[in-house]
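One chain comes next, on its own, written out as structure tokens in the form predicted on its own.
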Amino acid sequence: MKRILLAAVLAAAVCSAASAQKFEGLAQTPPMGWSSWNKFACDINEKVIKEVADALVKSGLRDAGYVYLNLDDCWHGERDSLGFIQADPVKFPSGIKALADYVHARGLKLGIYSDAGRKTCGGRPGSFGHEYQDALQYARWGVDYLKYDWCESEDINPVGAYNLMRDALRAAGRPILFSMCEWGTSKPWTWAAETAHQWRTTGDIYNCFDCVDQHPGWAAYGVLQILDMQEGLRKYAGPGHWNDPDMLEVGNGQSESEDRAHFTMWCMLAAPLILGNDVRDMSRQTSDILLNREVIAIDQDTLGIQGLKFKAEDGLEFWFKPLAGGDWAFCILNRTTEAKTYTIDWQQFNLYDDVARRFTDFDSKTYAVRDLWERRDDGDTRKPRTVTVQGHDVKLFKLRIEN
């Protein structure tokens, strides 16, 4: 009888999903939260996740917008006799539903992880062949976010695989943010706007500012390498569908200036801000970076347009990001390890952004200048200014239109 009921439920789900789309209204600004992978990898358990939930609240991170608490790989146990996935009974003895209730009670949302292939990257059961069952299970548990990876995916078509899980989530009935982690191999930015709320544009990030971690057949990339891979992608992102350059490594051992630059550039990219550090034990420097609401506001700007690199000169890059109301964010990134002094002549930065369809018009408009890391007003754009940018660091300004 149970198997007959299961078959009926799945058949009904498949029929209802024949013309399904992703849940609309989610991720109108880039999602913000925390994920277990960068710090803990497979070494996660119920106690750690509950402590992280409490720390997100106590630290002020939740109130700053980091609301998704995401279990990454290795939470899985086995499938039951009907094929429904279960949590690892040793790591999560209370089960995922109880954990979701704990997280929700603290004003947070629970994310979970699976894989379109036969196994996850950590060797746990993948969702291949069980997509509708897994989506139903996540909905029953109260999950709010699904990261869907791409290991053990030989001979699987990515468009079909990700659309299948999208339809399964829709049929399950609970609004779940769908995060594709296909590593950019099939150029998902060209096709996935109707499928997911965000898609990875690269392979995994590596905890390094400027290097590549090379392995046989694959590589992980430092901050600058991933930043360079975003070239040409900005026109594909926007409210409800974001380019994802992977999770943040802020607070995981890079220098303070590198952490600040990393965080700033992800905000300029309108990237999802998914923390990867141990938020239970943050330094003051890390906390100050992650909780700078003026910088977060650049990422979360409602216009939802990714920044553009205008030019590069002597190791410096100059970026603009159009903001709502006619404002701009302006960033200078120092890719070198030496301090650089530069005189900003605003008249040299007259540009037209073909995505925002807007000119900067420094020759006819005046903008008030706000230094977002120094947290101070800094005159306006009528006169040049000279700044010094430390090695592997940034200067970040908000330009507020005055006339």
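From 1 onward, residues are counted along the sequence shown. Keep in mind the model is a prediction, meaning the values are calculated, not measured.
What comes next is about the form predicted together with a small molecule, which is not displayed.
Novice: Can you work out whether Phe178 and the small molecule are in contact in the predicted complex, taking contact to mean some heavy atom pair no more than 4.5 Å apart?
Specialist: Although the small molecule is absent here, Phe178 would stay clear of it in the predicted complex, with no heavy atoms inside 4.5 Å.
Novice: Are any of the heavy atoms in Arg166 no more than 4.5 Å from a heavy atom of the small molecule in the predicted complex?
Specialist: Arg166 lies outside the contact set for the small molecule.
Novice: Quick check on Arg200: any heavy atom within 4.5 Å of the small molecule in the predicted complex?
Specialist: Contact with the small molecule, yes.
Novice: Closest heavy atom of Lys147 to the small molecule in the predicted complex, within 4.5 Å or not?
Specialist: Because a heavy atom of Lys147 falls inside 4.5 Å of the small molecule in the predicted complex, the answer is yes.
Novice: Could you tell me which one of Asp327, Asp204, Asp301, Glu258 places a heavy atom within 4.5 Å of the small molecule in the predicted complex?
Specialist: After the contact test, the surviving option is Asp204.
Novice: Exactly one of Ile112, Ala237, Met247, Ala196 has a non-hydrogen atom within 4.5 Å of the small molecule in the predicted complex; which residue is it?
Specialist: It is Met247 that has a heavy atom within 4.5 Å of the partner.
Novice: Which single stretch, out of 147-155, 127-135, 168-176, 316-324, brings residue heavy atoms within 4.5 Å of the small molecule in the predicted complex?
Specialist: Heavy atoms within 4.5 Å of the small molecule in the predicted complex occur in 147-155.
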